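One chain follows as structure tokens, the form predicted on its own.
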Amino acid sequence: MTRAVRHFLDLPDIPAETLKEILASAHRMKREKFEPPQLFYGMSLAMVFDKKSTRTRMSFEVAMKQLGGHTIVMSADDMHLTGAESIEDTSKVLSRYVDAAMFRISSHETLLEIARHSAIPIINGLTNHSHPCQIMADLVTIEEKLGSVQGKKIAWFGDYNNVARTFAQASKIWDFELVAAVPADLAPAKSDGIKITQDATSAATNADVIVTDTWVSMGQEGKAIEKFLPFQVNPSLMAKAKPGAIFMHCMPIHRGEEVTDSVLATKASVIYDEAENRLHAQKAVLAWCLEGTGVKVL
């Protein structure tokens, strides 16, 4: 009997208990960071990008290689995804060469079509719609700093983008409160079951975690930022959060815009731990996706 291919595309696609097991595996992977088990010996991961990347590329490449595997990096243009060859043909050929593929591409619809035709696991490294690998790393970070994320208050500030949308998905799975303080004209048509507000102060009050992201993502250069200024994370805003609250940002950071240097310099800022945890979350995601090939999840 053929085992179903395990894609990692969006958090709601995967059973809640499975996601929690992947998160627990990520914590174990971090504890084994200096003696990584060779789970992926002889296996290959394709990584495909249509925009620049630091953390996604580094974390996936190091994750695969530390665990004994190999990687190949290509741009979307290299793969003819924007050319004459169909997505179906590209996906089916890719399935004959590598054991899994991670895509960091703008179009979520393209990612879903790739997965439909793929015989290997496809991992969402980021699309304009969602960023599940980032949120898995963020949850690792929250849990190692504050304990269980269940019941915590997480406050999001700025643009309601792919990261915010995925946090909203995660809030239902891990049972935490998410409040998003965003400009009125950028609020989602559907609240995704979370609280949406234009009052940054109320959003920050008694928060366990303060989170923001760049106001101007790649491909949005020239975007006006004036509407975001009331949502800047600064010492005054952080003071509204609980004692011991942490500040998170998936990076890259536009210092002095979405967050001030004075916040980044405090002990509350865990941005570098958060960045490192991409590596450990990626290992756990890869191990789960490839379990059907004989890989043993720690």
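A residue's number is simply how far along the shown sequence it sits, counting from 1. Everything numeric here is computed off the predicted structure, so don't read it as measured data.
Beyond what is shown, the protein has a form predicted in complex with ligand NVA; the following relates to that form.
Counting only non-hydrogen atoms, choose the one of 154-162, 187-195, 174-182, 141-149 that falls within 4.5 Å of ligand NVA in the predicted complex.
Looking at the partner contacts, the answer comes out as 154-162.
Counting any non-hydrogen atom inside 4.5 Å, which residue from L39, A245, V263, C250 sits next to ligand NVA in the predicted complex?
The residue in contact is C250.
Sole residue of T71, S106, T214, S118 within 4.5 Å of ligand NVA in the predicted complex, by heavy atom:
Only one listed residue qualifies here, and that residue is T214.
Could you tell me if L126 has a non-hydrogen atom within 4.5 Å of ligand NVA in the predicted complex?
Yes, contact at 4.5 Å.
What residues in 187-205 sit within 4.5 Å of ligand NVA in the predicted complex, counting heavy atoms only?
Going through 187-205 in order - heavy atoms within 4.5 Å of ligand NVA in the predicted complex - there are no hits.
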